[in-house]
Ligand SMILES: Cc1ncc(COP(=O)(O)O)c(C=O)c1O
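In the block that follows, a single chain appears as structure tokens, in the form predicted alone.
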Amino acid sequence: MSIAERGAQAIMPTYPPRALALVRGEGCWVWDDADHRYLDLVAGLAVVSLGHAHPAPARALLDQAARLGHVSNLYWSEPAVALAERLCALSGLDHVFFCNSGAEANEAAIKLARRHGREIGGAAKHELVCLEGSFHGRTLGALQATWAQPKKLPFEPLPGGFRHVPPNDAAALRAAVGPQTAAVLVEPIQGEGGVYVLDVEYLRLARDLCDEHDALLIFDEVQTGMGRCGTWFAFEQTGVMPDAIALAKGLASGLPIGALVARRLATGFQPGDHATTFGGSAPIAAAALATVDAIEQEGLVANAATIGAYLRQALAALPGVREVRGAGLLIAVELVDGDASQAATDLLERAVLVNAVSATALRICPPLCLSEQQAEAAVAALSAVLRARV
């Protein structure tokens, strides 16, 4: 039996049919079980920041696991402390809660907001204002913060206390934020929603409203963080300082980790308020720290900015492309004919992997080490696909 046949029998069908069974990778390349090579512009959904099979996190994971494995949060470990210090230094925030995924980081953010709100305004100050088009994860709290109604319906009733407003609608945001608001939770670039960039003026307004009403401004940087957008964090490009950011995806270049990084709040978490068994596990934290080091040493933040700018300009010039959105190496390509799923299939046949982030748009979120030559190959492949349609 093939990998695909075995997987269909043994793994719950919570994902659409999978196009390939991948068996190895190197940098921006992956190979399937028939030894066909593909240019990977998906990167595990913006996760494999260093590229496949990068030695730095693999070596750090192995070395740390051979020295000291998981010890839980009953004890300190050097890798977790060092990683927390590094994230604080990079972000300008003050302290870190480690978990295992982006959804968990957003769950922690929701709980922090409500803990903070209760201390300031009592039980009534518990509401989170979120955005239409948002995606924050699939656990129950993060799912309720998410906008997409079809994702919610099978699991109702979901927790209350969440309000959604249209992105970049200043009047709607002003009307939604008030004394009852514990936090405003936004993605500076809505990744799963179609790679839509929020206006800087809108984010500034969110900051002002949160300050006025003693609410937290929380940025979900699960997809936009760790160099993906051409700066360490997308908020750096806005001039707006959040009270907390949620991280995951590219933080350990393929290994499971999440983090909530926050300013030191007088009414923040207290011992016993929140916990997780595996968060900050020494081997995973060591791999994440090695990932951060490699991103810095290899100049991958600047590479994401440079190659991303080239891609956005080159893709926007292609006949058949209506619009290109994003920042750095988080890009959406809106198609004139609107059939993104077929375009992704056509690109697969040309050995280029992308995903349809919406019915009408392709998402490009490759490893941050994507070269200019590989970017040119990607543009040429999409150009050929669009020409063939005409």
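Don't overthink the numbering: it's just position in the shown sequence, from 1. Model, not experiment: these values are computed from the prediction.
A second form of this protein, the form predicted together with the ligand, is not displayed here; the remarks below concern that form.
For residue 101, a non-hydrogen atom is located within 4.5 Å of the ligand in the predicted complex, even though that partner is not displayed. Within 4.5 Å of any heavy atom of the ligand in the predicted complex lies no heavy atom of residue 243. At the 4.5 Å threshold, heavy atoms of residue 195 stay clear of the ligand in the predicted complex, well away from it. In the predicted complex, at least one heavy atom of residue 135 sits within 4.5 Å of the ligand. You can rule out all but one of 197-205, 111-119, 151-159, 222-230: in the predicted complex, only 222-230 has residues with a heavy atom within 4.5 Å of the ligand.
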